[in-house]
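For reference, the chain that follows is the form predicted alone, supplied as structure tokens.
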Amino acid sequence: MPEKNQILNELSAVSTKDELETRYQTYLGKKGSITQQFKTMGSLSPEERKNKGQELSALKTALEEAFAEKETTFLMSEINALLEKDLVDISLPAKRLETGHYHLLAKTRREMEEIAQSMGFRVEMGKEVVSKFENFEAVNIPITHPATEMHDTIYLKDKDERGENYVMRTHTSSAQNAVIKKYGVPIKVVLPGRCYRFDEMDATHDTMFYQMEGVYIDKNISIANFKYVIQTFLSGLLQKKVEVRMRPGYFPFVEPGFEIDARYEYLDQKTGEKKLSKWIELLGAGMIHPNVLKTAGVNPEEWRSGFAFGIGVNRVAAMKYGIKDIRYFTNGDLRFLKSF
């Protein structure tokens, strides 16, 4: 039987993992000398078998521990070599991870939605591709109106069930008919979303812009109700006490129609005095036209009162954050986007 000390001395001289594996197979492998010794115990007497079995088991256990320890030494050497080769200096500052944030238009739109919801309005998202009926006739715009011509409206090749080309909606009012039919009356809803017009792009115009439509239909709704709602809405949006001015205006889907101007009190940073801003035109509005109600299946004799308004999200954001050119919102300049 191999001597324990002899094997341990051989093991201490091993310098590679391959050599270690060879030594292991020599003594503890399936055909190793110690394994073969266990196979010869069947020919021994019970007393001899007991003594030799204890001796072989003790030798096997000691050698397995020694081989495992040697293998661990080789493994640690490999790990240390890899760490030295691929050393990471943890004292260096980490790269800063940039966190995103809402685009100014998205932030402003969400603020408008939250204020409207706090006032009892439902938020609905209309379709951006609509039929000529939805975009024009459903909101009392005659099909012969100049706004239906190519210089204002973007037409698509696809056609609707009437055989007419679909259009990119020019205003969120195009969703009025569908939403009134969906929920019936009374109704209190705002409809935010993108609109498209074939416009020359400049500091105040773009081919794509965001708008929010508001519709409130109920019995006994007056112009005074509308003025209170819009003044409360704008005050919450601008976080200032807002004064509104209503001027007569023409919109086919309302009668009477109003142009809504607003101004607010601010603190002059140079003088420290409180001043009033200039009047700023913010939205168009009016009492819903009976023809719009009829088209949506509502009896205007029973529900003869209600109002609608449309407010430009881009214009509100520009006013709120002091943006002089609305093209900054969509030109993709990260320097501008990171400024807010």
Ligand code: DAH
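Quick caveat, the model's predicted, so the values are computed rather than measured. Numbering starts at 1 and runs along the sequence shown.
There is another form of this protein, the form predicted together with this ligand, and it is not shown here; the text below is about that form.
This chain is displayed alone, yet in the model of the complex one of V254, V190, I230, I217 has a heavy atom within 4.5 Å of this ligand; that residue is V254. In summary, among the residues V298, A308, V313, L63, the only one with a non-hydrogen atom within 4.5 Å of this ligand in the model of the complex is A308. The putative spot formed by T108, G236 and R263 is not touched by this ligand in the model of the complex; no residue has a non-hydrogen atom within 4.5 angstroms of it. Note on the interface: of 78-86, 109-117, 207-215, 238-246, the segment with non-hydrogen atoms within 4.5 angstroms of this ligand in the model of the complex is 207-215.
This ligand in the model of the complex comes within 4.5 Å of a heavy atom belonging to A285. Proximity of R197 to this ligand in the model of the complex: non-hydrogen atoms within 4.5 Å are present. Using a 4.5 Å cutoff between non-hydrogen atoms, H171 counts as a contact of this ligand in the model of the complex.
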